[in-house]
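Only one chain comes next, encoded as structure tokens, the form predicted alone.
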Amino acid sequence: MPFVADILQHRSLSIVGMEKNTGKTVCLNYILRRLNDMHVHVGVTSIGVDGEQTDAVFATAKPEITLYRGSHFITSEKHYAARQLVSEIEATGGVRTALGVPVLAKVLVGGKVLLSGAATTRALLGQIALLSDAGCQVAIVDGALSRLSLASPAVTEAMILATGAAVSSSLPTLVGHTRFLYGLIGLPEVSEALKERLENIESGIWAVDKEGEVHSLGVASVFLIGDQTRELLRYGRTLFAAGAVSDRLLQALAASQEGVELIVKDFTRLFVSRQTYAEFVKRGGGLQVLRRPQLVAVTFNPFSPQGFMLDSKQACTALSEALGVPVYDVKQIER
């Protein structure tokens, strides 16, 4: 059972796809089936809607989510009413959406379910806490589309990255995109002392001097730096961006020729292209994070909703060689 035992070292796990149709639900079903065999009490929720029979964009068939007796799940009122299993409600409440209030339920007889969970990371944290209070050993969050924000280590302790042919029909391009994101996920953490100084800062750009002291630069957002790049470096070459970071900031820092070390909260704050990041590093720049997620596994789906498929063995081998870790096609594992 590759990587499933590693999941038990964590209380919460997110399954995140690089694109839609990269095999998140197949991976989730594999994990739920294996954990059920191990008699592990599991809780499941989602950001967005997961488990629908037909893809809303491509109108292709999709795997449904299967839950087992004794597990817990959180979904909306509307989708709870449409469940194909027997369960009992243990709690309701929380932020109401167009689909109704969230419902926490325990499965009495296993079957299919449609998950529609939290719309924000704050609500998601509350739902993970509810599942933990219900006695779940592991709370699993199934992502919707490419919602990488739920993979933040501030939300879930661990993550699984799902990639696949939906990312690109070209294997070299697929490998390149996956390797880039994998590199961002694995960015090095700052020291514990510096982490304590920075983790409660919610906005703006800040400087860190050689003694580790933090200074406000009076810039509320990376979008307001204008021509102030050199002024940002008056305390040294280490900066902290509390919010999202785009190509614009990396390009400005690369142009300064100063070899800037930029700190961000975690990889989900980075909205940068491979080309811009490569140029930033080429100019001596570097990236660090306050918190790095625990990446449990990388999975691969050889099928694309556009109708083509890649050779699973060849792709998994190429990805594994590029990343330096095993890459799994969970459908192949079970054969």
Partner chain sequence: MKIKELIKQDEGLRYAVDSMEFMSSAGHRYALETNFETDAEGLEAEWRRTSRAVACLECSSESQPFKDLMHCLMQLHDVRSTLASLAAGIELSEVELFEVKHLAFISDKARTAIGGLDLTDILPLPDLSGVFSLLDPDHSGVDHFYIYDSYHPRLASLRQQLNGMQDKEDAASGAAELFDEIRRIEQQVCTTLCDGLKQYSSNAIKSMEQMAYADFLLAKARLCEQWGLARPVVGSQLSLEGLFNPRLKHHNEQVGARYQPVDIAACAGATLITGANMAGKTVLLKSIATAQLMVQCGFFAPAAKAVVPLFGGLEMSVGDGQNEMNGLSSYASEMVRISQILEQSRRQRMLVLIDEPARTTNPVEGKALVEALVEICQRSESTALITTHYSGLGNHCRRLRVKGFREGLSASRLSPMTINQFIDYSLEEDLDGDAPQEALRIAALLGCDAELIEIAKQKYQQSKHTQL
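Positions refer to the first chain, counted from 1. Here the structure is a predicted model, which is why all the values come from computation and not from measurement.
Heads up, the form predicted together with the partner chain isn't pictured, but that's what we're talking about next.
Colleague: In the predicted bound form, which of 173-181, 245-253, 88-96, 159-167 comes within 4.5 Å of the partner chain (heavy atoms)?
Modeller: Looking at the other structure, the answer is 88-96.
Colleague: Residues A193, A207 and V219 are flagged as a possible site; in the predicted bound form, is every one of them within 4.5 Å of the partner chain by some non-hydrogen atom?
Modeller: Looking in the predicted bound form, the three residues A193, A207 and V219 all stay beyond 4.5 Å of the partner chain (heavy atoms).
Colleague: Please determine whether R83 contacts the partner chain in the predicted bound form, using a 4.5 Å cut-off between heavy atoms.
Modeller: Looking in the predicted bound form, residue contacts with the partner chain include R83, since a heavy atom lies within 4.5 Å.
Colleague: At 4.5 Å between heavy atoms, is R33 in contact with the partner chain in the predicted bound form?
Modeller: Result yes; R33 sits at the interface with the partner chain in the predicted bound form.
Colleague: Wondering, does A118 line up within 4.5 Å of the partner chain in the predicted bound form on heavy atoms?
Modeller: Result no; A118 lies far from the partner chain in the predicted bound form.
Colleague: Does any heavy atom of V103 come within 4.5 Å of a heavy atom of the partner chain in the predicted bound form?
Modeller: Residue-level check for V103: yes, a contact with the partner chain.
Colleague: Select from the listed residues A154, V214, A129, L108 the one whose heavy atoms reach within 4.5 Å of the partner chain in the predicted bound form.
Modeller: For this set of options, the contacting one is L108.
Colleague: Using heavy atoms only and a 4.5 Å cut-off, determine which of E77, E189, D133, E231 is in contact with the partner chain in the predicted bound form.
Modeller: Going through each option in turn, the one that passes is E77.
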